[in-house]
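Here we start with a single chain on its own, the form predicted on its own, put down as structure tokens.
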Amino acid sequence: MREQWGSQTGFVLATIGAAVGLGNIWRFAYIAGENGGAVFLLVYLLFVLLIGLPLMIAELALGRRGGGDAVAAFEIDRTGSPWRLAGWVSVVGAALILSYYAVIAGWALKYFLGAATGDLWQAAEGGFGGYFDRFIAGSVEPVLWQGVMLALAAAVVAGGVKKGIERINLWLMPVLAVIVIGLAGYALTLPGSAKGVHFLFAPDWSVLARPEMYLNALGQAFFSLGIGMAVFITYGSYVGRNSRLPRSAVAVALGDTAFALVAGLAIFPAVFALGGDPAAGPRLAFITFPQVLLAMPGGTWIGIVFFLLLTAAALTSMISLLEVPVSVACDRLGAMRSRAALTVTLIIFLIGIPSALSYGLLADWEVFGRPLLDTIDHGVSNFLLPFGGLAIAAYVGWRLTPVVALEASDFSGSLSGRLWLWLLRVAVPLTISVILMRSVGVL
């Protein structure tokens, strides 16, 4: 019998934990900074509402209806259906994301321990840029910290759904919420912080003329929510019939979006207050922000808390990403959960080594002008995940009959259900397709 969540609260917190991660703190901060702040935020929120939420409900419905791994969700009506390829694409996407996500999570862990021991702050004299560059250019440390984070995630997943994934999210998610709210509250008290608030919430409409902004906002919505990675399909397979999927999905979307906004309020007011660059790119959290922290009263202590937040948030998402291929290994190969977690983790660790070394030994191996890690991130977030979203929308919206789709999603007989189905059938695929075509120059 397939394991189920122990409680509705545990399911919702675990699912929010799956969505909340580096995408809300590290990635959201620099993507928003590079794309104009407020206008990007508005477009991002629109994509979350019109694309992310409908797809999340569809994934949860597919998972609960299939009652198995992400591939089984597409085979319940016909074994060996070609649609199973959509499931495999999502599983591969989850594994690829985890392979490089663990590298960045390792950076966060390295910085947390460096902040706690004081090693990070001793690097201030030589510049945080040099400290970061030396670290990521190493041939041992990036791989080591990547492995440590994967081992932590594997230990949780090996414990199972109730005793592992649900248990850690029940106490970790409230702690993360308190930390990020506290950091935001402190940042807003700094002189000059109003510029950061203005950056996030005062729109510069000229940014709407940039086609890449829409692709980045769509990619961020998928990456932050975890759409197209089969996470919600897998987590949905552990949900009982007594849970109302639309209500749970709304709670997850609201929780994830609120976390990203509050994290933005923790970072941008501080960056602006102390003269940092909000468009510093991926290095914002690891170079710009430590410099900002040193100029704050009590900044070294704030730094410890911030990098703890970054590390813990990364871990909750890593757990959900790892659960996707582990579930497949358990169901398809009949492997024990502990053995499946160990084997899958080892494979993903090996796949991720090139990403860990992409700024050092493999720095010359650029693809499309980007380091290996950046190339995988760009390709998966902006293309593979949206294609996965298209497949889910097509399967639930058109392959399933309206009666079956509405019943599976707990929308039977409701006006909101008909709106959801229309979004899946028309608005979601049309929006994703237009943005993808514009991004490759077809439109």
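All residue numbers refer to positions in the sequence shown, first residue = 1. What you see is a predicted model, and the numbers here were worked out from it, not measured in a lab.
What comes next is about the form predicted together with ligand TRP, which does not appear here.
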Inset, instruction - Name the residue from Q146, S320, S355, S237 that puts a heavy atom within 4.5 Å of ligand TRP in the model of the complex. - result: S320
Inset, instruction - Could you work out which of A73, I97, V328, I348 is the residue within 4.5 angstroms of ligand TRP in the model of the complex, going by heavy atoms? - result: I97
Inset, instruction - Considering only heavy atoms, tell me if N169 and ligand TRP come within 4.5 Å of each other in the model of the complex. - result: no
Inset, instruction - Check whether A14 has any heavy atom within 4.5 Å of a heavy atom of ligand TRP in the model of the complex, and answer yes or no. - result: no
Inset, instruction - Using the partner position in the model of the complex, report whether F286 sits within 4.5 Å of ligand TRP, counting heavy atoms only. - result: no
Legend entry - Distance check, L385 to ligand TRP in the model of the complex, heavy atom within 4.5 Å: yes
Legend entry - Interface stretch in the model of the complex with ligand TRP - options 216-224, 108-116, 175-183, 328-336, non-hydrogen atom within 4.5 Å: 216-224
Legend entry - ligand TRP in the model of the complex - contacting residues of 230-255, heavy atom within 4.5 Å: V231
